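Have a look below at one chain only, the form predicted on its own, in structure tokens format.
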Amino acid sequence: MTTSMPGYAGRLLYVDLTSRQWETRPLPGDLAREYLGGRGFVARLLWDEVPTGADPLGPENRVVLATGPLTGLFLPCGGKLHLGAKSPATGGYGDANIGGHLAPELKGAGYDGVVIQGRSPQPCLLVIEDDAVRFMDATPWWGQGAIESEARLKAELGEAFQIMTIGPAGENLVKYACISHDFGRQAGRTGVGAVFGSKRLKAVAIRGSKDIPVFDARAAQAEGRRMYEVCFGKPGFEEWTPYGTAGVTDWVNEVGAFPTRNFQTTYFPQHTEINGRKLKERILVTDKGCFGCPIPCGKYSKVKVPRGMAYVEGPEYETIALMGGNCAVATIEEVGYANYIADELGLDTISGGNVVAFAIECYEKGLLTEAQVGRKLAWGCLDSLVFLLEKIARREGIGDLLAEGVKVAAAVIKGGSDKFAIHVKGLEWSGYDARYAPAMMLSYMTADVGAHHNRSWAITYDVAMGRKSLEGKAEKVVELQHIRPLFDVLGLCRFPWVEIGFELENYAAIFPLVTGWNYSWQDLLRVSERIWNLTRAFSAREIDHYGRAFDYPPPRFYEEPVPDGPAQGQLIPKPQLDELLDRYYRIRGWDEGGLPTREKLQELGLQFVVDTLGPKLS
């Protein structure tokens, strides 16, 4: 493979599903230098390629897949693929990332990214095999579950192919449908699976055999080996690996942040029945890691409940929180089985758990009736959970409304249900109640895709620095919003840093050895800030009156004190939310309405955004 940019394959693949045409284009040098890869490529290519006002589920929307400059190399956890589209869940910028083995395979096929547009005349499969690209009829797999489809496609194409699929939820355009890979990895958030479905794209299969160029291969290999040795020597290594993300369950309960019964409260008394220890003792078959991972968080499990038996990767913490505590499901076997059902249907377990819990609370309050739903609903009932997941994925009965997400469902159901529709910007809240954690609350409020924790997991800072204090919280959130998404840009998993204390300096050390670019850590963070402002601008371009009003949490979080548990009596009043937002906007160089100023955009090299948004900017 030849490229003038070490660390990169040097090409982008453009695919039109309508015409079944494709072409390769050279990777622009300025795109690589200014946005680096992964989430940066997704943000800039969506800005350039998606027409203003495009229907998220129309052929004019794009799906962008992107690797990073550190993807697929001999260093810890370089297996992340970033995906993005205009989000059907929020109407603004949307993205998700996925582990497994897709990203290294795509880069090995000779592409730093793929841009997919149009709509196939019939269900199709996109096959990328080095320089060859072809389309296959996917009608035989349409309607099949995501996990089943992947297994059958591997049997058809060969085990060497890395495959991503959608399930019935994506085919039926559920707004929070996900994309699945490796029998349990998901690009879960913002509805990218629904965009695949709208394009009648059932799956993408990738096989690559090319080398990845590196600026100083000998030095980079030595540094990569050293990075692995550092990971293995970290004190947190032995503690983290046995339980993966499920190991955080008890801690979240202890600090009073565990979502319980649609976030009505923050402590689940049965948490010890659904925690990492119970997972390991009762259902674990083996650990499972992604490409290059020294700390495998995947837990491949066998679960058996009265409904049946299933193998599933997980459940991870977010599924335990949202399908466990938030729906009051109280055994690890039942949570694991619900996880399997959601994976097969192609539903994001975070949004799925939120929507089901919202429906149960509506039923409990008399806002939904048994006749409307089709059965009785109850907290802690696996049958209620599975029933609703299946109705949602197929858009049958009440599932057709719930498939739109809690924001839209509350607007139809009314009766004050908007107060407990737990979302920001239309994206359902992930697994941490933040009424006793101002930095975490601000993280959710200002995350560019909606209520998602992965942009700035700040709750540990709240606990360490004082949970009622607002001092320093906005500053910390901005800092984390530059650090954490940078992993998505570079093509890496952040868990070595987050979970075992692997120092950030290690990434700054290997970057120039791979690329030949003498970027300091501060230079890399500057790129991350540029991307953060661009994604905010994308949503401002696409959504009328976008800004401050879209950054508030649901009223439950500032009107209803936590009723019991370790956080009893806590909430963050709306004036304090405004104080947090004011401080955050000032630090970011945004106006009081929550939009980047002309000056800030120009400072970051985003004059093209200024030219587009024009009068909206101060």
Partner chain sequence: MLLATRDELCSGCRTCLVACSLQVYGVVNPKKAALGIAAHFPAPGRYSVITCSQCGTCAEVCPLEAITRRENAYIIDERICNLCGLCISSCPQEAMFTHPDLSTPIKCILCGECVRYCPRQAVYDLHGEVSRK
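Computed from a prediction, not measured in an experiment: that's the story for all the values here. Positions refer to the first chain, counted from 1.
Below: the form predicted in complex with the partner chain, not depicted.
- Glu229 is the sole member of Glu229, Glu505, Glu281, Asp544 with a non-hydrogen atom lying within 4.5 angstroms of the partner chain in the model of the complex.
- Site annotation in the model of the complex: the residue of Ala411, Leu470, Ala378, Ala217 reaching within 4.5 Å of the partner chain with a heavy atom is Ala217.
- Judged against the partner chain in the model of the complex with a 4.5 angstroms heavy atom cut-off, the residues Pro438, Phe487 and Lys574 are out of contact without exception.
- The partner chain is not drawn, but in the model of the complex it has no heavy atom within 4.5 Å of Leu534.
- At the 4.5 Å threshold, heavy atoms of Ala96 stay clear of the partner chain in the model of the complex, well away from it.
- Interface membership of Gln122, defined by any non-hydrogen atom within 4.5 Å of the partner chain in the model of the complex, is ruled out.
- In the model of the complex, the partner chain lies farther than 4.5 Å from every heavy atom of Lys391.
- Contact with the partner chain in the model of the complex, defined as any heavy atom within 4.5 Å, is confined among 523-531, 428-436, 67-75, 359-367 to 67-75.
- Of the residues in 264-293, those that come within 4.5 Å of the partner chain in the model of the complex through at least one heavy atom are, in sequence order, Val285, Thr286, Asp287, Lys288, Gly289, Cys290, Phe291, Gly292, Cys293.
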